[in-house]
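What follows is a single chain, given as structure tokens, in the form predicted on its own.
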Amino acid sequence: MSLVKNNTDIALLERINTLERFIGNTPLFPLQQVFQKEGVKLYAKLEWQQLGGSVKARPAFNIIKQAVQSGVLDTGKKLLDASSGNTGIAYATIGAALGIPVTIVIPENASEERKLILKSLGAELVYTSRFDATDGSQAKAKELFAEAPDEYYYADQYANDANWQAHYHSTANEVLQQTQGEITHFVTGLGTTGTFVGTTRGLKDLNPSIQSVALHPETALHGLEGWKHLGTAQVPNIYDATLADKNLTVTTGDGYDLIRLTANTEGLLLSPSSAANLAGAIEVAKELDHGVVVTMFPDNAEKYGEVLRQIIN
């Protein structure tokens, strides 16, 4: 029995090593039409161009990799976590490729496209009230894990250091290399906060003069998928507020206004959260005389059919 289990573990680790080539290493896109100012350059990482289709592929993969390597996750357990959609899809994509079953606790008002993708990938879905957002989903996931700890590996992306470490070891290095070390400002919105925390820590370790700007939604009832209004929501354990050199508020309208413009001028169909990141990055860039501003486009518009219908009508 021991030999079979060891062989199974080795095979799983080999599959993880194979998949790792398809995580990260996303292109850095120059935005030259939606913003123009002499002496200032604006770029965005196209994060949907990796396995899993969003920025969440980085933390999801690292969480799974570290859990398998440490022995707390094997093919005999289900991966369990709360998600508003993109992390769940990343878990389900990677889990399917590795033979690891996935259970996602998700708010009932998640987009139909997200639900369909998750089901198509074989994920088990547990729904929570739309009024409790992802805070309610986290509470339910913890409850499920407490009831059956031997059945699940609870990934807990909001408190798992493997989340931000994924960006520390990959995103920060990619951004620095792709800008030939010229980046002056990193700008991104806050959700689980892993992207901001990990990339900022990595960039500042490489060059302490780089400024990081954290973007926040205007109210608790915003329309930016994946973002958290930290003033009213449960603050993720991995968040470090001291990392931000500046905090900016971005409205849902700011993001939506840029979706059509970016499609027509840059050829990019952005999700609301990507467009909101762009709005914040433009605000930062406007204040500069010289600089290189980099933001993240977490995903594209493929999972937001209703948003696109609103934009074109």
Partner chain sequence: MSKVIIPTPLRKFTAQTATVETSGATVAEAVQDLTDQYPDLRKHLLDDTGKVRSFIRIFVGDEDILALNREETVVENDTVISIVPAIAGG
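Since this is a predicted model, take the numbers as computed values, not measurements. Numbering follows the first chain given and starts at 1.
Beyond what is shown, the protein has a form predicted in complex with its partner chain; the following relates to that form.
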Contact at G52, N173 and E302 by its partner chain in the predicted complex, all three, heavy atom at most 4.5 Å = no
inquiry  = Can you tell me which of 238-246, 225-233, 116-124, 199-207 lies within 4.5 Å of its partner chain in the predicted complex, counting heavy atoms only?
reply    = 225-233
key: The unique member of A96, A139, V72, A220 whose heavy atoms fall within 4.5 Å of its partner chain in the predicted complex   = A220
task = Answer yes if any heavy atom of S83 is within 4.5 Å of a heavy atom of its partner chain in the predicted complex; otherwise answer no.
result = yes
inquiry  = Just checking whether T87 would be counted as a contact of its partner chain in the predicted complex - the rule being heavy atoms within 4.5 angstroms.
reply    = yes
inquiry  = Residue-level question: is K56 within 4.5 Å of its partner chain in the predicted complex, judged on heavy atoms?
reply    = yes
message = I'd like to know if T188 sits close to its partner chain in the predicted complex, meaning any non-hydrogen atom pair within 4.5 angstroms.
response = no
inquiry  = With its partner chain taken in the predicted complex, which residues across 99-114 come within 4.5 angstroms through any non-hydrogen atom?
reply    = P107, N109, A110
